[in-house]
Structure formats: C-alpha cells, structure tokens
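Here you get one chain, nothing else, as structure tokens; it is the form predicted on its own.
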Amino acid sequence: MRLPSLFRTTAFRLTLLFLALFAAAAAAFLAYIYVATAGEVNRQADTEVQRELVSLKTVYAQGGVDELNRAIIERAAGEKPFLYLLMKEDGETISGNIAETPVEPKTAPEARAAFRVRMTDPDGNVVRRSAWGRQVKFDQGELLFVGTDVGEARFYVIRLVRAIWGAGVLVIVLGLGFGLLLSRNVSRSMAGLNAVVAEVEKGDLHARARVRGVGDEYDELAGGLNAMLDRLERLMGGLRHAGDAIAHDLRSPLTRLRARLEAALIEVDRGEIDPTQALEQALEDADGVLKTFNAVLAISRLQAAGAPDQQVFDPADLGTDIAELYEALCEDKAIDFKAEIARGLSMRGNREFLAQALSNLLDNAIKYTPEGGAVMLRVRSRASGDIEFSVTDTGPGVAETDRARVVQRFVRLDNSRNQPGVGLGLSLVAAVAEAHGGRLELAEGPGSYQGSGPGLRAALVFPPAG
C-alpha cells in the first residue's frame, strides 16, 4: 500500500530520522541516569552500613558478644532501625530483626549483598523492598550482618526516570506533530513549484512561482525558477521574433533572387545578356541570405552556450590586428583613422568572437561616417579595472531613445535604410559581450566634426582576467 504523499516528503523523513536519533540519545541518557543514580544510592547505603558496623565493632571490642547483643536489640527497636542479624560461628541466630542472612554462603567471613526484604507498610500491607548490607566475622567467630532499606530511594529514582521517559515521549509526539506540520508546509511550497513546472511543460511560459517574501531557501528557489522562466520567455520570444523577422527580411532578397533568376533565364534564352553576369548577381544575393542566417545562428549559439574555448590573452594584440586591417579601409574612404592601444592588459575570451564583434563596430563606424570624418579605436583599462574596446566615429550617431532598441535583432533605424545590412550587427556584438560576462555601451560621440556628427561611441567592456 502506497503511503500518503505527506509521509513521503523529505521533510517528514528527516523529522523521523531526527526523532529516532533523539529517542536513541534519550534512551542512552536515561540509562546513564538510572545506572548513576542507582549506583549512588548503593554507595550511600554502603557508607551508612559501614559506619554502623564500625560502631558495633567498637561495642563488641568493649563488652564482647553480650554487650553487642544488647546493643543490637536496642537499636533494632529504634525509630529508624537498620536490619541486623547476629549469628554464632555455625550460622545459628543469636538476635536480630531479620530471619536469615542474604549472604551466600551464610558463614562467609566478610561480604556485601543486595537483597529484598519483606516489610509491613503503614497501611498494614506486606511489601518487598530493596535493601543493601554487609556481613563481617569477629575474632571469636561470631557473624554480624547489618543492612539498610534502599527501597524508598530507588522508588524516587524510578519515579524520576519515568518522569523523564514521559517527557521524552511527549517531546517525540510533539516533534512528530511539528514534523507533520512542517511536511505539510513543505508539500504546499513544492506543490506550488511543481504546478508552475507543469504549466510550463504545457506551454504556458507566463506561469511564475509565488515568492512568499520570507527569504528562505524556497523563496530563493522560486526566485531562481522565475528568473530562469523570464530568460526562457525572452529567448523564446526572441526566437519567434527572429523567425518572423527572418521571414520578413528574407522575403525581399529571396523574391529578388527568384525574379532575377527568372529574368536571367528568359534573357539568356533570347541571347540578350551574358549568363555569367546574371549568375554572379544571383550568387551575391544568395551570399546575403547566407550571411543573415549565419549571424542569427551565431547569436543563438552565444546566448545558449556562451563563448567556447576562452583563453587569457593581451587585448592589445587583438586591437593592433584589427587596427591594421581597418586603417586601409578608412584610407580608401578618406576617413581619418587613429588607434590608441594600451599594452600590458589581460583578459579571458574567445579571440574569434571578439574580433567579429570589434569588426562589426568598425564596419558600422566606417559605413555611417562620411568622407572627411574620423574613426577612433581605443583599447584601454578603466579605473574600475575593466577592459574596454571602444569605437568612436563622427557619423550621424544614434538618438538616446533608440540606443536600447538598436541592439535588438533586425532593428534598423530610418537613417540606415539606404545602407546594406539586415540589422544584426549590433545584436551580435551585444551577444558576444554578454557571453563573455561583459556589456555593450552606446553613447554620444565627440560631437560635430567638419559639419557631421554628433557621432557614436560604442564600447565593449569586459572584466579583467583572474
């Protein structure tokens, strides 16, 4: 038979485990108390008996067996008597208030013994009580046994142990009750999380776990789950948007490609154009479509798995290589290009992805900067210790209200509609920065330069290595 879900929770099992450990510890503790207390009772009884024996030995030394017999009779009739038995050497009783010695053998010269004695309680009932005594042998052969009643002391010990046992049972019952209550609360919390997971499995990405605001581990788990679902929803939304955007943005080049192929086929049949020229144009359009797909694929990989094969390197080496490549391009377009590269820095990253991101920034800067403008590449360390790659141009720039939007996929501003591209360059740059634990910052450039500007400053900021 399957147990109810409440009894199968980890919290309830842990409660049972701790209760079992508590019960074992309590049992060991009670056993120690009983043994220690009972032993103390016996030690006190033995001390009292030993003291009484010393007193009677003194009486025997002074007056012999007759004086000892008289003292035993007097003391046996006292208000709080010991248990006495005076015997001859052969074990025959001389006097005392018990019938026989509990020592075996009865004529043992010196021994101690725990025994039970029949006594009458205040109500007239005959009871058997625990007792403790010693037996000694005198020089003339007489045997004397002296004992004392320890039943009352042991009775209190037993009552104490029973009281502690009762308290232990009460603690176990209360612990079990609190364990059930805790298990129910845990089950409710986990049921809420499981319900959210079930809703997400059904396709509802808007489901979120309830954060109670107490700051415990369940709130941390719920917060982490909600953050994960937020990111998943953004990624899924990005994928849907990317699919729609790809279908929209690729429709024109694909339609144009098909139309050109169809027109080229007709014109080639008529002998009106060179088929090689038509194929070259078709290949150029196909390359544009492939570039779009490759950019989207690269962004998706970066967002899903981060940047692979990261190594520690000097960013100045990467900056120098990129500067040498783009300096020639700027000369062809009559753009003033400068590079300020600081050496001795260290960062961790994938050089290939970082080079692609930096190339995208320089491509954009050169594309939108008019002739006679300027482009500046900087590689330096910030006061915070972060590593910065920045590209500053004197092009039209990006309005502050558009800077958050321009890094989204397939977003192109009005002033870039007449330029080639599909709006994935800055999206890829932002994905590379995020995959390396960095960020992309967009700000206004140096201002107007020879009638153009205010320009744009795009900075890739990364944490230093180690």
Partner chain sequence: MRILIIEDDTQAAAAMAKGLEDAGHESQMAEDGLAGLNAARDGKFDVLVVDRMMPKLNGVQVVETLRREGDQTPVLFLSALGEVGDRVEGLKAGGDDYLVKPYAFAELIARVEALSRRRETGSVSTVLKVGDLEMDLIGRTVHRAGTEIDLQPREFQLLEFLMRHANQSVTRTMLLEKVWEYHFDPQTNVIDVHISRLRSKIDKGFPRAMLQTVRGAGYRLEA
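Keep in mind the model is a prediction, meaning the values are calculated, not measured. Numbering follows the first chain given and starts at 1.
Absent from the display: the form predicted together with the partner chain. The rest refers to it.
Note to self: At 4.5 Å between heavy atoms, only one of the stretches 225-233, 362-370, 189-197, 109-117 reaches the partner chain in the predicted bound form; which one is it?
What the structure shows: It is the stretch 362-370.
Item checked: is_contact(residue 389, the partner chain) in the predicted bound form, heavy atom dist at most 4.5 Å -> Outside the cut-off, so no.
Next item on the list: Look up in the predicted bound form whether residue 355 has a non-hydrogen atom within 4.5 angstroms of the partner chain, and give yes or no.
Entry: Yes, residue 355 sits close enough to the partner chain in the predicted bound form that at least one of its heavy atoms falls within 4.5 Å.
Notebook entry, point to check: Does the 4.5 Å heavy atom contact test between residue 326 and the partner chain in the predicted bound form come out positive?
Noted result: Yes, residue 326 sits close enough to the partner chain in the predicted bound form that at least one of its heavy atoms falls within 4.5 Å.
Check: So in the predicted bound form, does residue 375 come within 4.5 Å of the partner chain, heavy atom to heavy atom?
Finding: No.
Next item on the list: Would you mind picking the one in 211, 205, 182, 318 that has a heavy atom within 4.5 Å of the partner chain in the predicted bound form?
Entry: Filtering the options by heavy-atom distance leaves 318.
Note to self: Can you pick out, from 154, 75, 351, 137, the residue that has a heavy atom within 4.5 Å of the partner chain in the predicted bound form?
What the structure shows: Only one listed residue qualifies here, and that residue is 351.
Next item on the list: Pull the contact list for 257-280: residues with a heavy atom within 4.5 Å of the partner chain in the predicted bound form, in sequence order.
Entry: The stretch touches the partner through 280 alone.
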